[in-house]
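Heads up, the chain below is alone and in the form predicted on its own; it's given as structure tokens.
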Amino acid sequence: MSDVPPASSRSTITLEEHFVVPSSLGTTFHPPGLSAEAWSNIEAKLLDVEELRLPQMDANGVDMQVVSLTANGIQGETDPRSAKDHAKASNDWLAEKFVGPYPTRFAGFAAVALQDPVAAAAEAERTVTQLGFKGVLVNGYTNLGHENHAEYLDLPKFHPFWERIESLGVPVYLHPRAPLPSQRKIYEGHDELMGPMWAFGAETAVHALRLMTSGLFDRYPRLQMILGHMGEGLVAMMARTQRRFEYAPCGKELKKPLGQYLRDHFYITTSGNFHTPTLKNVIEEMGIDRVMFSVDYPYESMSEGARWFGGCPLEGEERLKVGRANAERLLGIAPK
């Protein structure tokens, strides 16, 4: 089968595409069961810009990647000072190696050290106003002090960060990570379920629900978020989630139904979930203006994603919106 996708899938923008800085090699999340050879191949692609990435983009009709630091990223740091230093270094690397030399091919999502929410707000502002980045990507909960301590983004201590994000008018991509080591009992003896097969999505869906039920979007009504992998399972489960929340809200009072927060404050990407029936369901539930094509490179294949998207039953304006126009609007990228 040819690696060149149908013409109808070309001229896309993808939003969950990753890199790593050389100093971070060995600290990134390594999916269980992956061979040393396969992981070495992924690491080479995470570091690469010109040799592999750009030619694959050209071959598969990807006009622009919005690039972000891979998991666990800065969220896995336990020391706040180190986290702040590494966030700045990673963002400067992204600007120097990707966005600066190829401004029409790459954009950036910033890494931020939420170990210090005020510093994270300042770094978000620096990257957006000085480096031209299009938003922030957060790799799940934030460690602080040790690897078994998690801080989720609904906590009041993060309000300064959210206030700055809302004022900047940029989205936050909520990216998965595995649950805390102390919370993995259910996966014991089943390493295959850890990571992107299942645990990533389950962890991220709960994190997103925490944001909704905490009243975050009532407090900051202009906030916009992005979820990958067709919504981490949330879209399909939202009707039941709402019904059970109404039955037992545990004292929480919200201004909207949970599904409305999802539709008003979240965009969904196709990253790593190339399944047409799921896409149809997400579009029906979220609306065509809230869905965006993505790949999850280099963990997924650009050619596979492009072939799938080229065969999806989307025509005309719908294909344009999912392929690039929704991303252009959300991120302030000039239409091509």
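Residue numbers here begin at 1 and follow the sequence given. In this text the structure is predicted, and so the values were computed from the model without any measurement.
What comes next is about the form predicted in complex with a small molecule, which is not displayed.
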>> At 4.5 Å between heavy atoms, only one of the stretches 56 to 64, 302 to 310, 273 to 281, 29 to 37 reaches the small molecule in the predicted complex; which one is it?
In response: 29 to 37
> Honest question, do Lys134, Val172 and Phe266 all end up within 4.5 Å of the small molecule in the predicted complex by heavy atom distance?
Replying inline: no
> Do His86 and the small molecule come within 4.5 Å of each other in the predicted complex, heavy atoms counted?
Replying inline: no
> in the predicted complex, does Ala71 have a heavy atom within 4.5 Å of the small molecule?
Replying inline: yes
> Would His18 count as a contact of the small molecule in the predicted complex, using a 4.5 angstroms cut-off between non-hydrogen atoms?
Replying inline: yes
> Is Pro196 close enough to the small molecule in the predicted complex to count, meaning some heavy atom within 4.5 Å?
Replying inline: yes
> Looking at Phe200, Tyr141, Phe161, Phe217, which has any heavy atom no more than 4.5 Å from the small molecule in the predicted complex?
Replying inline: Phe200
